[in-house]
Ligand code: UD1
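Below you will find one chain, with nothing else, as structure tokens; this is the form predicted alone, and questions on how it binds or moves follow later.
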């Protein structure tokens, strides 16, 4: 039987934030959720998340899972106190208890499996992950005696000689839970921080083992924004290298970001300062960027999107978007469509080979095949209370600066005069003009402005 305890009760004061430390995000996912996801791959019987500071917010952030249970630590008196609270709440203390912090987001399931295997192979009371750091400041130092851990001394309790020791505690433990439960209440706060240390269990349990790993970044804990940024960089480098090995070109890797969920096809070129977020899927032979943001959208083959943003939309094949266009949620852009500069599309469908080349707003609309939307066209979709739809049939030609006051339905092969305000439906093959007659008044005497 395997149980997991994730320590997520602290304030994280060094983050200088009103957000609990474990709710800060890396590549779109909270630190806590990343740790939970790694633990779920171990197929544990239960996962206990020990919360304290802003407990409700922390609980609400976690994705639903029947195996996850929450335990509140109030007040927060240290890591040992957290497990004291857990053992008090959970009476059935059997099997192994894996304990780790909620601020170690890069920990890998295979690393945790190695710790569990070591623990089982030696039938240990406690096994923990250690590593050597050139600058071990801030970490508890681990002192070995042969193959076993003799003691662990926290940073603030180290003397001058002990601070020179390079082997540190990574904060990931595996316990024989039954034996741990017998001694956990013996832990006291007789130290400079006046906290109950979980590391003090080493002196109270018989068999304590160390699994020493190379410090490759996955053991990095997060206490401030600098460390948060380092972890983001580690994840991003891994994601980008994976895509590059699969045939994606990144023109300026350092200036781009890609989510873990994103899928990118071969021979896609990602230009500088481009960001691909969420479950975006981009098929082959596209040029994305520069200065482009795409989130939770599908992009077909042979598309070019430049200096633009795309949210929650479908972009089919052979489409050009931008520069400086904004494709808002629930839009479907069909194949061979051209969307030019300073165009906004929202909750609309553009059928094949239609064009919106300049300075237009198309909202809540259906635009037919081969239709050309002139510069400055606006679908006025909101009447102050509700949104209404505009429908324009195929093969239509919409004059510059046309305003459609929705709801409105134009037939096929309709032409509108430039500068028209269209308020009524039209039939197929119509010319639609709605504007006042131009009046020129000669010798118009313009009043001169008064001088101060």
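Residue numbers count along the first chain shown, from 1. Predicted model, so just to flag it, every value in this text is computed and none were measured.
The same protein also has a form predicted together with the ligand, omitted here; what follows describes it.
For the chain shown alone, residue 154 is a contact residue for the ligand in the predicted bound form, at least one non-hydrogen atom being within 4.5 angstroms.
Mapping the unseen interface onto this chain, residue 340 falls outside it, with no heavy atom inside 4.5 Å of the ligand in the predicted bound form. In the predicted bound form, the ligand stays beyond 4.5 Å of every heavy atom belonging to residue 124. The ligand is not shown here, and in the predicted bound form it never comes within 4.5 Å of any heavy atom of residue 336. With the partner omitted from this view, the residue of 262, 283, 104, 378 that lies near the ligand in the predicted bound form is 104 [heavy atom within 4.5 Å]. Checking 345, 321, 367, 82 against the ligand in the predicted bound form, a heavy atom within 4.5 Å turns up for just one residue: 82. Contact with the ligand in the predicted bound form, defined as any heavy atom within 4.5 Å, is confined among 110 to 118, 297 to 305, 165 to 173, 264 to 272 to 165 to 173. Residues 7, 8, 9, 10, 14 are the ones in 1 to 18 with at least one heavy atom within 4.5 Å of the ligand in the predicted bound form, listed in sequence order.
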